[in-house]
Each structure stands twice: as structure tokens, then as C-alpha cells.
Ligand SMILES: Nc1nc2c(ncn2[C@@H]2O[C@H](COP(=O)(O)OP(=O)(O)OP(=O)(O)O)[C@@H](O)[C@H]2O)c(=O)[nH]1
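This document starts with one chain, in the form predicted on its own, laid out as C-alpha cells.
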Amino acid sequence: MEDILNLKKKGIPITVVGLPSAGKTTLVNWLSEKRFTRPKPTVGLKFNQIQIGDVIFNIFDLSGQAQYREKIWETYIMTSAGIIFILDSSESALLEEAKKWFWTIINEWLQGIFSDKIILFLANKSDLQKSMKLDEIIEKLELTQMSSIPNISFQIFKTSIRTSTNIDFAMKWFFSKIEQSVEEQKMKPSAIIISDTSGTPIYLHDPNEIVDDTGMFVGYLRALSGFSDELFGQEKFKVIKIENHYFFISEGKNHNVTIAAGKESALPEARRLSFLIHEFLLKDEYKLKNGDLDSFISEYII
């Protein structure tokens, strides 16, 4: 839990992913130290923090081993403002596996209109003789499809961290896009409502007093949500606009979370915050009693 809580507001969360030995930790070290290193393979994840100008970024370097791809990648990707996917361009035998996981991120974890993300794809190790051409990588990984996906800003660079080739250009594009996106999505939730799966309200944060009767309001939202399911099919995330607020509704295993935002551009951030709340509620060591949830939301969400 300690690492996921580093996603709080003290810095903008960035996730670095890729198959083993692609150069993930080498890139993070380069960002921190501006020099090439040969680090040991990452086990689990490593957390680093860098500052560019006045902006602090929280960098999550995730292990590329299969067990970590399956267990932790989704959580950090869903709760990050930007993603750096690194490919070893000299290992053609790994292209299919890299392609599988890249499109898992795009099609399964980041699907929908509520997940604006900045994605930087680095075809690394371009200095090696076996390095594939950029056109070949784009074709085999079908990256031209990214141009047709809404709400995702995507760029690909062929790089060498060892020689610093294109790294400055790539990171300048990435961090400038992140800052712009975060500024557009900036929000302070107008209200947060948590209910169990039966619809019983269990938590309300409503400083603007936009909800008169929590139970009645949750029932109203559930009715609208059910009507939406009948028309369009069941969706994990929904947005209902009521007067001047957009209510982002997300369904978890045991709880439903509703976050009220004052502007449509804040919906991706509402999705990120709701995902953090769901992650918190899944942890056995944290309970709804004794003010734990109040403290968590006060410190990490609002």
C-alpha cells in the first residue's frame, strides 16, 4: 500500500513499463542522474521522484517479469497521468509478447472516453547492430492504429539511452504533454459518494452541499445507471450530468464510487481518483471504521 500511496498529490504519477531488460530502470536513472548506468533487474517496482522546472514527477519503474505484468501493471497504469512503454528494438523475438502487452494496456485497461493518457513509446537500444528499423517496429506492432484512438496522445521515438540518442527530444515531448494534460484535468471533487453494491450509502464528502438526501440520491443514480445499461449495455464506468455537475460512477468488487466534477475535462482525473479509492477499499489493513477512509480521502484525494 505504501507505494500506491505515492500516487498522491505531491507529484504527477508516471509509470514506466516494458518487457525485462528493455531499459526501464536505465531510463529512470538517466532522468535522475543524466548518465547511462547498468542497473540490476527490477524486482516488483522502484519509486523515484524527479523535478523538472517547478513540477514534481513520481516515477514508478515496474518490473517486466510476467508475474508483475499480471499483478501490478494495471493498477499503476490506471492511476498514472502518463505511461512510458520501452521496447528493446534489438530483440525481434520479443516483438509479439511486447505487442500483446502494449495492446492489453490500450484496449483493456485504458478503453473508454474517461481515460485521457499521454503515452510515450521508446524503441530503445537503437545503437545496437541488430536494432530493427522504426518502420518495421511500427508495422509489426500495428502502432499506426494509435492515431484513431481518441483521448490518448501518443508518440514513438527510436532511442538509445546508452548514447542519449533522441532521449532529450522524447522526454521534452512527454513531460510537456503531461503538464498540459494535468492542468486541463485539474479538479477538486465537488462531492464523493461511496455505497455498497446494494446501493446503501456508506460515505459522503459533500462540502458544496449538492446532495440533499444521500440515500435517495444514490437510488436515483442507480436507476439512471440501470436505464443506461438497458439502452447501451453494461459499462464499468458511467457519467451522468445533473444540472451543473458531471457524476462519474465506477463499479468495484464491493463498492460503487461516485465523484462529482464541475467540468467535463476533469472526468479522466475523476476516473483516476475513483480507482485510487477502490484500491484503498480492497486493502485488508484499512477499514471504513475509525476514520481511516476520511483520513485517506483528506490526504490523498482532496
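This structure is a prediction, so every number in the text was calculated from the model and none was measured. Quick note: we count residues from 1 along the sequence shown, nothing fancier.
Beyond the structure shown, there is the form predicted together with this ligand, which is absent from this document and is the topic of what follows.
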Taking 117, 189 and 263 as a possible spot, do all three reach this ligand in the predicted bound form with a heavy atom inside 4.5 Å? no
So which of 131, 79, 195, 160 reaches within 4.5 angstroms of this ligand in the predicted bound form, heavy atom to heavy atom? 160
So which of 253, 241, 34, 38 reaches within 4.5 angstroms of this ligand in the predicted bound form, heavy atom to heavy atom? 38
Just checking whether residue 268 would be counted as a contact of this ligand in the predicted bound form - the rule being heavy atoms within 4.5 angstroms. no
Is residue 14 a contact residue for this ligand in the predicted bound form, using a 4.5 Å heavy atom cut-off? no
Would residue 127 count as touching this ligand in the predicted bound form under a 4.5 Å heavy atom rule? yes
Could you tell me if residue 58 has a non-hydrogen atom within 4.5 Å of this ligand in the predicted bound form? no
Name the stretch: of 271-279, 38-46, 241-249, 254-262, exactly one has residues whose heavy atoms fall within 4.5 Å of this ligand in the predicted bound form. 38-46
What are the residues of 14-31, in order along the chain, with a heavy atom within 4.5 Å of this ligand in the predicted bound form? 19, 20, 21, 22, 23, 24, 25, 26
